[in-house]
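Only one chain is included here, represented as structure tokens and corresponding to the form predicted on its own.
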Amino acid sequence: MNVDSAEIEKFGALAEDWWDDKGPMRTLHQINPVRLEFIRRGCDGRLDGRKVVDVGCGAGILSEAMARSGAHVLGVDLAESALAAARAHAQKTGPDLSGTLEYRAIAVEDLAQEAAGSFDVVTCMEMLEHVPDPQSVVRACAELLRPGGQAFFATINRNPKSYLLAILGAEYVLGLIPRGTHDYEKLIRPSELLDMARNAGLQLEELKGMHYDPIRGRARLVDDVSVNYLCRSRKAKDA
């Protein structure tokens, strides 16, 4: 299985704090509106009725936001404790999500075998840098899409600037995210991600950077992809 057990344990241990927007996952809460808007904009400004799978959903911050925006969302992850936190939060915040939000403990490659071509949108945010074989994940994401469907990825560039800002700065100096969250060698250059997407039959639609202001606790999209970046790609309609 394409999984690093240490990564699963690391994120699973954060399950109880995942929905604390002042806790160790606060930065994820602060960047989530930007991620959601990037996805919504790529879907012609609306998610209503779209069938979405959120790969590496953790405790469901993005999954739940997309469901509240009108999408029918399946969140998948292998950290059982994180999924339990996701289900508990969705249940606590209102029964209105019961028909539009579901969570499963399943590898994306296994889901692709049973549900190929079933989704309008696949999101895989801040996950590729945590698996042994990111190409396998990208390929599975492409297989899950119907022809013409879109895949959204977010990850971190690999260069000296990203090491200084995303690892040393964010983890060890400012404490924006838990220490040890990222391994520099696993970070992914945009050119590498685009190669993975092309090899999986996905065509690039949009590539944007994300700038995070730790003082204001806000993020915004920029053209600079030297640190955090997001990619929108599409599966050919004749695939």
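What you see is a predicted model, and the numbers here were worked out from it, not measured in a lab. Numbering starts at 1 and runs along the sequence shown.
There is also a form predicted together with a small molecule; it is not shown, and the following applies to it.
Of the candidates A142, A71, A79, A86, A79 is the one whose heavy atoms come within 4.5 Å of the small molecule in the predicted complex; the others do not.
Taken together, L28, G56 and M127 are fully in contact with the small molecule in the predicted complex: each brings a heavy atom within 4.5 Å. Of the candidate stretches 159-167, 145-153, 112-120, 130-138, only 130-138 has residues with heavy atoms within 4.5 Å of the small molecule in the predicted complex. When the small molecule is considered in the predicted complex, A197 lies well away from it, no heavy atom lying within 4.5 Å. Within 4.5 Å of some heavy atom of the small molecule in the predicted complex lies at least one heavy atom of F11. Taking non-hydrogen atoms only, I39 never approaches the small molecule to within 4.5 angstroms in the predicted complex.
Using a 4.5 Å cutoff between non-hydrogen atoms, Y229 does not count as a contact of the small molecule in the predicted complex.
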